[in-house]
Structure formats: C-alpha cells, structure tokens
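Okay, so here's just one chain, in structure tokens, the form predicted on its own.
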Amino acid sequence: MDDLRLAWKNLWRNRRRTLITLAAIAVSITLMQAAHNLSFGVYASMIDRGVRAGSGHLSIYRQGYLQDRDPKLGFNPQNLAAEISRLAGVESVLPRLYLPGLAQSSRDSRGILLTGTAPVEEYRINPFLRKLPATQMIREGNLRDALVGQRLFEELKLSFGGKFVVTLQGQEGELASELLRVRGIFTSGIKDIDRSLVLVDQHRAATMRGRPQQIHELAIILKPQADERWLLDQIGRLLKNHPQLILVGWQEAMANLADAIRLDYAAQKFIFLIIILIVTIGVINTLLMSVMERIPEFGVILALGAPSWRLQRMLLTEALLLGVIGMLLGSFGGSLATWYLRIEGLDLRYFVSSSLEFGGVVFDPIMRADWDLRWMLKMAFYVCGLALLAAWYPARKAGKISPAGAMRHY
C-alpha cells in the first residue's frame, strides 16, 4: 500500500507529462477497440449476407464438387434436409442445384447459371431478394416461373411475363431446352450475378437436368449464437450413412470471402502494432525522464539504507498505475465509440460506391460495429502489461545508481 501511495504521488509530480502519457495509452486502446469492433461488425455482416446468398454457414456437397464444379456430381439428399432442420441452432436448410446454360430471347442470348432452389425458404433467407415483392417470387412446384437478374433482363430485352428459352446439357450429355416465363427481376449489386443468374424451382431445374431428385448443395443457415462445433459433430453423424458426401464450413465453400477478410485483418494488425509501439515509447520516455530527474533523490534513499530493488519496485508500480488508469480510460472510450458506431454506423456513401464488392459480397457503405468483448478485454490487459514491460529498462537503470554518484547530480 505504501508503494502504491508513493508511486501515485510521484506520477503527479509532473502532471503534464503524466497526462500526455495517459492520453496516449487511453487513446490507443480506444482506437484499437473501436477499429476492431467496427471491423468485427462489418465482417459479421458480410459473412451473414454472403452465406445466406451463397453456400450457408455449413454446406454439404458430393466429394469432388467443390474442386471441379462438375454438374454431374450431384446427390439425392433423401431425408437429410428434414433431419438437419430439427437440430437446435439451425435456422434453415436450402437445397440448391447449379446448372450452366444458355438463355435465349427473341432479341439476344447470354450464358447463364440456372439455379434451382426451394422458393419459400430462398425468399425468406436470401438478402438479394429482400426488395423483391412477394408477388414476383417464383412459385413452388414444377412450374415455368423464373427470376432473372436486372442486367440479364435488360440485355435479353425481356418483359414481365415474357418468355425465354434455356438450353443446358443433360446428365448423359444431351441438350435439353425449356421455355421459361419471367416472374420477377432482382438486383444483387454484383455485376456477374445480375447478368447471369436465373432462379427456378429446384424440381424444374432437376427435371431439365434429367435427375429429378438430385441437388448440388445443401446450404445450412445457422441461428445467431448457434454452437457451430456441436452442429458439425451432429451433422457429421448424420452423414455417416452417406460416405460420398462431405460437410464443409463457409470458409472453404466461400474461399474468396474468407481470404479477403484474412488479408484485411492482417493489415489491421500491422496498424495496431504501430499504435502499440507508440504507447511503448511513451511509457519508456515518461519513466526514463522520471528516473533522470530524480537521481539525486534516489541517491538519498539509497544512502539511508534502502535496497536498490525498492527503487525498481517503485518504478514498476508507477508503470502499473499508468497502465491500469490508461486501460480503464481507454476501455471506457472504446465502449462509447463502439456503442455509437453500432447504433449510428459510419456512413461512407459519399466515398464508396453502393455496388463495391469485397470477396464476392456487396460492401455495405454504412459500416456498423459489433461487440467483441473478449478481444476488448484481451487488448486492454495486453497494453497494460506492455506498459509494465516498458518500465523494465528505466527500473533497471534506477537499480544501478550508486549513492555517491547520485549525490554529484546536485
């Protein structure tokens, strides 16, 4: 307790220098926590949109399909979708069929990706369809309804209710053609999708392929806070009777998005390293200047019989106080910044296009933070420990002072 009281008094001998150091520590923690939580919220939003429009949080494929995307590598899901849907934490299970083909209207033709899906669940889950009126969504059953991207709709010069022909290769290599009718149009914001994607009922697509019961992907959407590890184990057990099938996470199924996030986070870590370096230099400077100014005082203390380790402990206690106070102030500032960025967001619409893509997902120009409390605590204690570590050199220098040499500094 005496060491704490003495260290506290010593810190405020030079108020300006102490306040500047505390500000450096607090602002650094605030910036790191706010920046990380903003990135954490943006990543979570992008992953959520990506998996709902794409592969799902977890996906089931036939072995070899992810590498080759061969339309022949389909599988019959049998009762898998129903069994997985009953597991705790599963929000939806979407069967999908992907077939490359050619769309032809009376005006033009374009290469497309015909996607068969379950219309009701797709409409509820897929963020691309949020602005689509319910009356324009394709209907269930083996109907000729088709949902087309905005750019494809314009390039083929189609009209609502208009007809167009889709030609694709059947399971045995023969060509199959089907007359479809435009039920509605959607805009994803991704050029390649808007000019190539055609959505139809999965049964219609499978019939065109010549395999009425087959799909290529079973996309599993999880609820927030779902236990992904437990679900991986449970779904893995269900797949034991299907040795030709594999279960993968979104990181493998959507490698472009996962790689983009890892690259962005690596750049963020480099910036954090620079901030931490600045904090370290600030703490070392504060304590080293404190040591240099108090050498005569240390000489008197040593001459009175105090051991050198007592001086070292006092300086380390000062560093600990700087770290703890800076940690508390910085965490408070980081929490306020996160709260604001979570509610109001960071609006970049004047600087970033609304159609900007990031890892195959449309980037939302209004960036919103989310709470990553574990990382916030870890970073706060890390900086506090770093402040204590930075005091090692000044404390070591104080421990080497001799009483006679210190007296000559008067």
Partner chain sequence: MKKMLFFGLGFIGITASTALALDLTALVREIEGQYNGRSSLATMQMEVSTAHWQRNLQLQAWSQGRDQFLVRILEPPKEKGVATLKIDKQVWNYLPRVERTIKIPPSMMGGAWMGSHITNNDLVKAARIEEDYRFSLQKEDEQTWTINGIPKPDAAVVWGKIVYQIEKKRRIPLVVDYYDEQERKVRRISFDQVETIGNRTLPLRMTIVPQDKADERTVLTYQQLIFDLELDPTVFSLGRLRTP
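Because the structure is a prediction, the values reported are computed rather than measured. Positions refer to the first chain, counted from 1.
The protein also exists as the form predicted together with the partner chain; that form is not presented, and the subsequent description refers to it.
Checked against the partner chain in the predicted bound form, the residues 244, 177, 136, 76 give one hit for a heavy atom within 4.5 Å, which is 177. Listed residues 124, 310, 223, 163 were compared with the partner chain in the predicted bound form; 163 is the one with a heavy atom within 4.5 Å. Not displayed here, the partner chain is approached by residue 105 to within 4.5 Å at the level of heavy atoms in the predicted bound form.
Residue contact check for residue 92: none of its heavy atoms lie within 4.5 Å of the partner chain in the predicted bound form.
Among heavy atoms of residue 141, none comes within 4.5 Å of the partner chain in the predicted bound form.
Contact annotation: residue 187 falls outside 4.5 Å of the partner chain in the predicted bound form, judged by heavy atom distances.
Figure note: of the listed segments 153-161, 311-319, 124-132, 236-244, the one touching the partner chain in the predicted bound form, with heavy atoms no more than 4.5 Å away, is 153-161.
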